[in-house]
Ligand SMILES: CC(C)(COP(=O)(O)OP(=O)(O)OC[C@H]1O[C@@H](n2cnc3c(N)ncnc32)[C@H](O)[C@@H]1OP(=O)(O)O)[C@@H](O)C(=O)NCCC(=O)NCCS
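Below sits a lone chain in structure tokens, taken as the form predicted on its own.
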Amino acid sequence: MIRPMPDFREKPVLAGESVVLRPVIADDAVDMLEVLADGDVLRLTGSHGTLSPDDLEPMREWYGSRAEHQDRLDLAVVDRATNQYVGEVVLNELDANNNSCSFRIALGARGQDRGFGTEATRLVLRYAFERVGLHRISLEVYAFNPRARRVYEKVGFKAEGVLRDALLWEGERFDAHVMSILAPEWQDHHGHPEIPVQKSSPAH
């Protein structure tokens, strides 16, 4: 049986205990501008340049068009307790022939140090592996961001290699660490690699 090519045609709502992931909308541009106004977020994501109020309309247009794209999935991360937008998770660079894509996440100050990133990552990985049928999801994390790397390791990403001097930031060069998680690994631990899976013994 030939498996259909994976795509991100569906734009799901994924609910967890603390966060809800929903498709981004044009109005999210206002909140994302606030997130990107944080210098730490720009540095951790390697985003060069600055944004101004003049960027709002182009961003609104961009966010408003995400539903039309089948090769990427852009989801807003919303705090369930307050219904506030705190950031976004993205699956992009879809390689349908090889059942793989890239992952990234950006959270503003309101979404940090509360476990939101871990839960949001598990939610979107579950969707990608169990609903879309992907085999491999990869990411890059800069060497100066060990906190993010610990989150990725916590949900099952494994280190693959290093892109040396991948980022030039304020005159200094930094490595990017490449990490990935595979469908069989997700099937083994469902985002909790620290908890061993109990496998049934063969019947005697």
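Numbers for residues come from their place in the sequence shown, where the first is 1. Since this is a predicted model, take the numbers as computed values, not measurements.
Unshown form predicted in complex with the ligand; subsequent notes refer to it.
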field: Stretch from 90-98, 67-75, 130-138, 117-125 whose residues place a heavy atom within 4.5 Å of the ligand in the model of the complex
entry: 117-125
- request: Just give me the single entry in Val151, Val178, Leu167, Met59 that has a non-hydrogen atom within 4.5 angstroms of the ligand in the model of the complex.
  value: Val151
- request: Using the partner position in the model of the complex, report whether Gln112 sits within 4.5 Å of the ligand, counting heavy atoms only.
  value: yes
- request: Using the partner position in the model of the complex, report whether Leu44 sits within 4.5 Å of the ligand, counting heavy atoms only.
  value: yes
message: When the contact criterion is heavy atoms within 4.5 Å, does Arg147 count as touching the ligand in the model of the complex?
response: yes
- line: Residues in 85-110 that come within 4.5 Å of the ligand in the model of the complex by at least one heavy atom, in order, are Ile105, Ala106, Leu107
